[in-house]
Structures are given as structure tokens and as C-alpha cells.
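A lone chain, given as C-alpha cells: the form predicted on its own.
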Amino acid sequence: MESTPLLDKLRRYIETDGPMSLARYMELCLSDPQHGYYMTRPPFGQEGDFITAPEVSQLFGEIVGAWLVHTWVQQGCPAPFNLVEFGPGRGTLIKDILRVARLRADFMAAMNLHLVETSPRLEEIQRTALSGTNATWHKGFGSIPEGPIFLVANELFDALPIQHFQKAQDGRWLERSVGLNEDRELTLGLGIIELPPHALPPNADKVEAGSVLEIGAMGIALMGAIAKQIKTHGGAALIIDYGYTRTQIGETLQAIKSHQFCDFFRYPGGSDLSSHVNFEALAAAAKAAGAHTHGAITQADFLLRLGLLERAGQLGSGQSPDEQEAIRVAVERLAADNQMGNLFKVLAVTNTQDAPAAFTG
């Protein structure tokens, strides 16, 4: 394993304090102020490590924007309100949202734009992309002002640190930790923290020793905070990510570098780390805070129910054959079952039982 500044830092931590949790390892790899993955580079696009839906086509952001405006109207056009995006990337999604939102002058007049971004490098890119807007940047959700919020988080929860609990031979579920082997290479082991029985899914006693359960405590806490503000002040949240709709046993943690999968210990701070999102756990957290949830449905259902094909036809009308083909390819990537359409899920959180658009089926 080639030495890097972050790897040296991780080794010092472990040698001083002992093995660290997998969640702490992920946090340092992604968010270390000097060497963290999101702190040092823009990871999106062909030149980066992965491509998100807003980068595939403007169609995605336009449909999300139309949903936000429609849901705002459905809730009685509260004014003023906070439009919030978590993890705005290069600003592509929020720019597409605002392009649609500008068709409603009353929406724009009532809106205060807030962006939550932990990376100074990405914030700099966003400020350039969104020059001329009234955007305010935040390092976390805690500083978002009180009031109705209409929030979107696309591919946020998959990047939040998670814990791994592994079933031991004696039936206990022990937390995995990151330590060093005799060659000072990073390695996984079992710690002493035990997951209590009430936190286990119903089938946990039937799986084999060595099985892994992922717990996203940070994501659950964030979902609870978002839902609490929605419950108290009104509004809605739209969570879009890849994941599963029922709690399942199995590990999904992955590392990606230059659009290729790699071992998550190979490039600490130099590869993207993510895991599949447990939408059942997020919905439970929102409900515990008193909000109402809708879905999760597939990204394909969400986009198609809101007019993806019709909007693609409008966008391609009068364009060259090459441009029309590019639009067709983008639609397929966003909605096809073997691409983003089925893997990605969409969860809505509101303060009323009334189902928002796309979630009535």
C-alpha cells in the first residue's frame, strides 16, 4: 500500500488510540480538512470518479424543480420559505431547479436559497456557478433558519459514514473496526461494541456467522432533524439515492476511483466511498419525528410519472439527429431498469398525509 499523507495520519491515529470504527475511517477519508476526498477535488463528471443524475441531463433537475414548485403550491404557497439543497456538487442540479422555478414569480419572491456543503473546494465552484443568486452556504443542517423548508438531497445519504456489525461465531453482532496488521497495512477486525438485539432485523438469528449488517446512524440522525423541521414548520423533502426499501443483511460499502471499483483501503482519501441507502430506516426516522413519508419509489417511476418522456420530446423537437440521440441515451440512463431507473429510489417527506405528485400511485 503506497504511503500518502492521509494514510500516515490514519496509521498514527490507530497506533495512538487503537482501532477506529469503520464510520470514523469513512469520515476521515471523505472529510479530513487537509486530505479528505471531498475537500481536495471536484469528483464529478468524466474527469472525476462518478457521474450523478444532474450531470447526465438537465431533464433530471427540471423535473425535480417542477416537483418542488408543485408541492409548494399543494401546501398553500407558504411565504417566506427556505429552498435547501444538500451536497450541491458543481451546482448543476440547483441551477436546473431554479430555471424551472423562475416560471413562478411568486415562488421566487418567497424563496430563500440555502446550500449545505462541507467542502470549501466545492463551495467555491458552486459560488461561481450560482453567482447572481441570493444563496447562503452552510456547513450543516443545524444552521438552516427556522421556517418551511423544501429540501432536495440527491446522492447525499450514500456518502455518509456507516457502521458494520458482523455476526460472530457465538451469535453476537460485533462492530467491525479498522486496525493495522504486522506490515502496518489497514485491515478490518472485530471490536467489543455489540449491537443490541432490539436493533437487529427479524431474520438476524437465521443468517450465518460472518454476515454483515450496515447501520447508518449519521443518516438516520440527519433524516430525523430534517423531518422535525418539516413537522414543526411545514414543507417537504425529496431524498434521491441508490439503495433498498427494506432492511437487509449484507455489505454494500464500495470505493470508486476513475469510474472503476476498487478496494476501500487502497486509496484512502483518493477514492469515493459510499454504501447503499436503507430507505426503510430513513422513513422510520422521519415518522419518529412526526412527519409523513411517501415511497420509496424507483427513480424511473418518479421521473416517468412526472413527464420525463414528454419533456424529452419537447427538448429534442427540432434538434439534429445527434442531439436527439443524446437525449434518448440520457433518458435511458436515468430511467432504464438496468441503469439508474431501478437502483435509485425516491422518498418524499411532508408534514401532511396528502401524497405529493408521483407518489399517488
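Note that residue numbering follows the sequence shown and begins at 1. Values in this document were obtained by computation on a predicted structure and should not be read as measured data.
In what follows, reference is made to the form predicted in complex with a small molecule, a form of this protein that is not presented.
- At the 4.5 Å threshold, heavy atoms of G234 stay clear of the small molecule in the model of the complex, well away from it.
- At least one heavy atom of P88 is located within 4.5 Å of the small molecule in the model of the complex.
- In the model of the complex, the small molecule sits beyond 4.5 Å of every heavy atom of E214.
- Shown alone here, T118 lies within 4.5 Å of the small molecule in the model of the complex, counting heavy atoms only.
- Contact with the small molecule in the model of the complex, defined as a heavy atom within 4.5 Å, holds for exactly one of A101, I144, L160, A283, namely L160.
- The partner is absent here; in the model of the complex, the one residue of L273, L238, L156, M111 having a heavy atom within 4.5 Å of the small molecule is L156.
- Listed stretches are 51 to 59, 323 to 331, 288 to 296, 304 to 312; the contact stretch with the small molecule in the model of the complex is 51 to 59, by a heavy atom cutoff of 4.5 Å.
- Taken together, the three residues V64, Y244 and L343 all stay farther than 4.5 Å from the small molecule in the model of the complex, as judged by their closest heavy atom.
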